[in-house]
Each structure stands twice: as structure tokens, then as C-alpha cells.
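As C-alpha cells, one chain now follows by itself in the form predicted on its own.
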Amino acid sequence: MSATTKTRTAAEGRTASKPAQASAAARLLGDRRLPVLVTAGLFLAMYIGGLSRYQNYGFGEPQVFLNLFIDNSYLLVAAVGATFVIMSGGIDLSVGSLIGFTTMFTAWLVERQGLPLMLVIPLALGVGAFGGFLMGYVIHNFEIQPFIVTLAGLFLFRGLCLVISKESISISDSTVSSMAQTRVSLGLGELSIGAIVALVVLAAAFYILHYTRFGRRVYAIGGNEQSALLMGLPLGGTKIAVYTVSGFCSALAGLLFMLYIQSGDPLHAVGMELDAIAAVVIGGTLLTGGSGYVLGTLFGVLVLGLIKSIIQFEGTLSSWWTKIATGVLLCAFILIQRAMTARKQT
């Protein structure tokens, strides 16, 4: 074979390989599981990095890993509720204020009014769910943007916190103390009641979103609202239900946060709605809705929690580095979402 023929053959081989490589890249970007896999891989890489750097400081202890669930149980529950809303193409900015209101409402009823905690819990959950229902009702029936309605909810619940009390209310109730200190042994470590409740909520959300009609409606409405309407799906009922779920989860997160700190304060959970949204986005759920996995939200929360743990083990970094790292990750995952969206449009 002549040199010219060999050169031509090699060139043709390179030309043929380019479409194959482009096709492989396109399939990768088109895979809905890509953001979740990236988040899971990021968490694993960060955890391995922490093990290698802080192995002499106890980072590899099983309890350190379980503490990620204990210290972020309330955020996980709030993020699960936010996942329903974002998956449907909406947004909920009232999460942090509703969490703060729940801590104040519970502390006021238990400490100032002397009501038993077992009676206060369903009251707090009912108030949270009803608040979410009202916001969903206004969004659907008055056709107002979710950003505006939930922003009003943010100010409303934060204002109600200050109406109850301008000062922090410490909780000395024995039932609250007992529940806060209870630990469930897993052999290698322990989990708090809050962490167990958060994992149960996660499992329930996973089943609802992936194995029920309601879950499929949430995906359909988030993917294309007009198509869902033409298919005869109950658009209004689903939207209202989604915000009701978010309100319920926010109230439950408030109860878990109350157990975690054993007090109520009008400034509790300021900005926590942004942490919840960040966890959902880092977990791979599209901000435009219609795509994502609730397990991705779990990894998003774990990544944020792991960042805090690494900063604590480092000892020389300010806690503000948590916000900086969160911002960088958000930008990265939004770029991934943009690439995936652009691929779908082509």
C-alpha cells in the first residue's frame, strides 16, 4: 500500500470517528440521570478527599457520616417539599419563613400556653399545609406568578413570627428534650429521630413521584403545562396539591429544626429557602421543571452538609466559604442544565 493511500485511509478513519464521538456526547447530555450521577460522583470525590486529608482527625468514623443526616434532617425535608414545587415548574420562597414560624408557633404553644407537644405537632403541620394550599390556590385561580405569591408568603409568615414574640422562646418541655436526645442505634453509629423522619419522608416522596399518578402529573405539568392541559390532566388540583405538600414539608422541617435547637426564634431559618432550592438544583432537578429525581435532592443536601463538615475539620476557614462553594456548585450545575436543555431543543 502506498503512503498516499495510507494517509487517505487514516484521514477517513478520523473523519468517521468524529460523528461517533459527537453522537456519544449528545447521548450523554441527553441522559436525564446525568446531573444526579454528577452530584453522586461529586459527593463521593469530596468524601474520599476528606478521608485522605483528615484521616487522623476521625473523619472516617461512621458517626461522622451519619451526622450528615442528623445535622441536615430539617433541610432534607424542606428540600423534598421544594423538589415537588420545582419539578412542577414552580418556585416556593416561603420555605424558610414557614420553618421559622413553625418553631415560634410550637414554642409559644408548648411553653406559654402549656399545650402538650403531641397536640401541637398536628396543629403546626395543619397550619403549614393550609398555608401552602392557600398559596397554590392563589397561584392557580388568579394566575399570579409563583415567585410573587410565595414572596408574599415569605413576608407573611416572617411577620407572624414577630407577632408571636420579638424574642427567642426557649423550650424546657421534658417531651421535647427527650425526643431531641433520643438516638436509634444502627450498630456502627446512631441516628436521631429527626434524621429517621427525614429518611421516611424521602422514601415516601420517592414512591409518590415515581410510582403514582400524582407523581406522573407533576412531571407532565413541569415538562409542558399546555400539553398536560390538552391531555386532560387536572392542572389546578395538581398545582394546589404540590404547594400543599411543600407547606406540609416546611412545617415538618420546622418541627425537626425545633427539636434540633430546642427553641423558637423569629429569625430562625432566614434564607433557608435558598439552601433548599440550591440542594434541589445541585441534585439535578431542572429549574424549568419536568426533569429530576428526589434521590438527587438527597445527594444535593449531603454535598452541602459535607462542605460544612470539611470546613469544620479544616478549622481555619470561615463559615462563609460554605456560601461561596454553594454558589460555585450552583453555577456549574446550571451550566449542565443549560447544556441538557439546549440538546433537547435541537
Partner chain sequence: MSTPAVTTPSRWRALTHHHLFWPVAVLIALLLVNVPFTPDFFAIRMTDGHLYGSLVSIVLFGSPLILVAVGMTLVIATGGIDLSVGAVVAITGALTCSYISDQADQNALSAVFLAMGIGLVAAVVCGLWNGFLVARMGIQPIIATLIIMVAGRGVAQLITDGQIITINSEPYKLIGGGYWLTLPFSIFVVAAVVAVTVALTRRTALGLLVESVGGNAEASRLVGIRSRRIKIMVYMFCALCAGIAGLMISSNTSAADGNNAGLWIELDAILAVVIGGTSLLGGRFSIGGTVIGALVIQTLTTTIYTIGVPTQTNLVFKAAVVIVVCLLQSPKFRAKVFGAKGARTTAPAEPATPADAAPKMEVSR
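Small disclaimer: the values here were computed from a predicted structure and weren't measured. Positions refer to the first chain, counted from 1.
We do not show the form predicted together with the partner chain, though everything after this point is about it.
Quiz item: Ok, 197, 154, 171, 220: which has a heavy atom sitting within 4.5 Å of the partner chain in the predicted bound form?
Solution: Only one option qualifies, and that one is 154.
Practice problem: Could you tell me which one of 115, 179, 208, 144 places a heavy atom within 4.5 Å of the partner chain in the predicted bound form? | Solution: Exactly one residue meets the criterion: 144.
Quiz item: So which of 233-241, 247-255, 72-80, 154-162 is the stretch with heavy atoms within 4.5 Å of the partner chain in the predicted bound form?
Solution: Result of the contact check: 154-162.
Quiz item: Can all three of 148, 277 and 334 be found with a heavy atom no more than 4.5 Å from the partner chain in the predicted bound form?
Solution: Checking in the predicted bound form: 148, 277 and 334 are all within 4.5 Å of the partner chain.
Quiz prompt | 4.5 Å heavy atom contact, residue 166 and the partner chain in the predicted bound form | solution = Yes - in the predicted bound form, heavy atoms of residue 166 and the partner chain come within 4.5 Å of each other.
Quiz prompt | Contact label in the predicted bound form: residue 288 to the partner chain, heavy atom within 4.5 Å | solution = Yes - in the predicted bound form, heavy atoms of residue 288 and the partner chain come within 4.5 Å of each other.
Quiz item: Taking heavy atoms and a 4.5 Å cut-off, does residue 110 contact the partner chain in the predicted bound form?
Solution: Judged by the heavy-atom cut-off of 4.5 Å, residue 110 is well away from the partner chain in the predicted bound form.
Quiz item: With a 4.5 Å heavy atom cut-off, would you call residue 57 a contact of the partner chain in the predicted bound form?
Solution: Output for residue 57 is no: heavy atoms all beyond 4.5 Å of the partner chain.
Self-check item: Partner contacts in the predicted bound form for 312-327 (non-hydrogen atom within 4.5 angstroms of the partner chain)
Solution: Read in sequence order, the residues that approach the partner chain (within 4.5 Å, in the predicted bound form) are 320, 321, 323, 324, 326, 327.
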